[in-house]
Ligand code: GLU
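Just one chain is shown here, as structure tokens, and it is the form predicted on its own.
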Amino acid sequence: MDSVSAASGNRLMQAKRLVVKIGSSLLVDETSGQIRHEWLATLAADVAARRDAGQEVLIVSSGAIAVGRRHLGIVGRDLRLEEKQAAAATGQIRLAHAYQEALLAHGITVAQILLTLDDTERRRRHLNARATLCQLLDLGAVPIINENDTVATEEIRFGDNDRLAARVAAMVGADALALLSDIDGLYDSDPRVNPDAAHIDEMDAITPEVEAMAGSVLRGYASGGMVTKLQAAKIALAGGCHMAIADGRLPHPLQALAEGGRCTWFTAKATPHSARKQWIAGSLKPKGFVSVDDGAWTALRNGRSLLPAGVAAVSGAFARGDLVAIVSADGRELGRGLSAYSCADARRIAGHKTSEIEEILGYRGRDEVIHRDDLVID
């Protein structure tokens, strides 16, 4: 294995949390509309191997519309939005069942998650989705994620799962994202048109010149193409996540990638953790203030979360998931973080023990007012 291939494989194998996006053309036979169960079985074996190596895996899968449209008899033409939604409703059941059977052979539990663009952009929905995905990973399940085509309107749709996969990767702090498709990476020109197009092994930024290499979108089942893959790369890199574009048509596509298979890696300059911290520190305007006592300030400087007992006062108007400034008793800003509670609920539990939250609020919320992962100290 050459040095480029070795580095390629290492990025996949060293990822603690890995998101894998499966293109529709890989999973669904274009002629019959049937799921390729033999190929899926090899992917499931790869996922099991990644988990055995100590990695957490999330799958973003296309294919529901491609499967469902055949069963509903709507083929041979472009579908209207309502037809896509009907096809997705039918196909999603078959898709989830196929993943369940393939991964059950390795003793792996799957969970179906359907998201819309709103779920990743609206702060409260984003936090809820993130918390659910992370809890599933903590419980040892593999989330199978798709766009919620059955309810999404054109205004709140991704329209492709490349960008959805990148948003999910950023949401959960994934270290690597593998886009498995029907092409082995990015070329300096469209290889469908130019047989002399040169393959690009690695890059660390998406410039206008790079975007010009993308070419156009192919018609057919796949709704993405290289254009949306580069858009996904922008999202992933901003979240500190490495991203690979790799050919997934061969059996055991993740194994091939881990062994240094041909692909294009987009390498992030930051880690997911540092990228999230940078975003919290500099990209948002605080909507409120949380005053802390000396004991809480000492704990925060030692890398701990902010607990209700350490909160002395709450001011401002903010909702769960909004950015708040953490201040000292004399008003000096000490840091910033995303609040796990609204201003009203934060005021009610301020100064109380975590064990008292449910009795005070009537529901069991987060143990922390601000979790250390959502916190930046000056």
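The model shown is predicted, which means the values in this text are computed figures rather than measured ones. So that there is no doubt, residue numbering starts at 1 and follows the sequence shown.
The same protein has a further form, the form predicted in complex with ligand GLU, not shown here; the description that follows concerns it.
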_Going by heavy atom distances of 4.5 angstroms or less, which of I326, A346, I59, I65 would be at the interface with ligand GLU in the predicted complex?_
I65
*Which of D175, D184, D160, D119 has a heavy atom within 4.5 Å of ligand GLU in the predicted complex?*
D160
*Of the listed stretches (269 to 277, 96 to 104, 140 to 148, 175 to 183), which one has a non-hydrogen atom within 4.5 Å of ligand GLU in the predicted complex?*
140 to 148
*Quick one: which residues from 13 to 43 get a non-hydrogen atom within 4.5 Å of ligand GLU in the predicted complex?*
S24
